[in-house]
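One chain comes next, on its own, written as structure tokens: the form predicted on its own.
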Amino acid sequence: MMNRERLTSGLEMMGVAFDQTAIERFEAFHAILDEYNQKMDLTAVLDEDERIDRHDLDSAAPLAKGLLLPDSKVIDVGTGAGFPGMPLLILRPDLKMTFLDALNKRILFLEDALRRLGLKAETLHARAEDAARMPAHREMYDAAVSRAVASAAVLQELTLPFVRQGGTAIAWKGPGVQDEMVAAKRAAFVLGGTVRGVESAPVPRRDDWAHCLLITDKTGKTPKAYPRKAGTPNKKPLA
């Protein structure tokens, strides 16, 4: 059973607005996640308090920082089990969210979850490198978000091609991101972006680990050569 008090107090400490419908949807989503997790590997975080901290509250960090304007068009690149996109959408149903993942079984899970939660969003089964070349998705988003496990330079190539000029790419990173900043800035420059900086994104009550947000502004157009073919950004990072 989800610990509602932990979730609500955490959101309050972060300064993130929520209503009762959002809390009920979080609880329902946890139940759906548990149901599917018995059939497929969606998350290794099974403890409810850990899930609230590591998935729900951590995903809400951009809202605590005021990074997503009302009605923003957002793509969650490499969403996996729906993080950060699902918590963001639960808390902000006004967002025009697209969930992107390369595994179709994850997309089917998310489509079922969205239907059962009464939320509207788009889903896209594709590799990020391929999706970013589709006219319907290339430079069409106000923001691209990603908690994917990859270097900062790789994440720039996987997210910035989706973002319109004037938009932002937001990547969740660990405290070691400072070691990746030179490469991240070089990659961003090639892709038409400018690194704004790193924002601390602590989760309440958790001093044992911390995420931060790498924020990159889309200041120009992404050259047609990028992203490179699927798999290349990971094998040969731009920087």
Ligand code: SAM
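Keep in mind it's a predicted model, so treat the numbers as computed, not measured. Numbers follow the displayed sequence, beginning with 1.
Form predicted together with the named molecule: not shown, discussed below.
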query: Interface stretch in the predicted complex with the named molecule - options 126-134, 163-171, 112-120, 86-94, non-hydrogen atom within 4.5 Å; finding: 126-134
query: Distance check, Arg106 to the named molecule in the predicted complex, heavy atom within 4.5 Å; finding: yes
query: The named molecule contact in the predicted complex: Glu157, any heavy atom under 4.5 Å; finding: no
query: Heavy atom of Ala152 within 4.5 Å of the named molecule in the predicted complex; finding: no
query: Contact flag, Leu100 vs the named molecule in the predicted complex, heavy atom cut 4.5 Å; finding: yes
query: Within 74-88, the residues that have a heavy atom no more than 4.5 Å from the named molecule in the predicted complex; finding: Gly78, Thr79, Gly80, Phe83
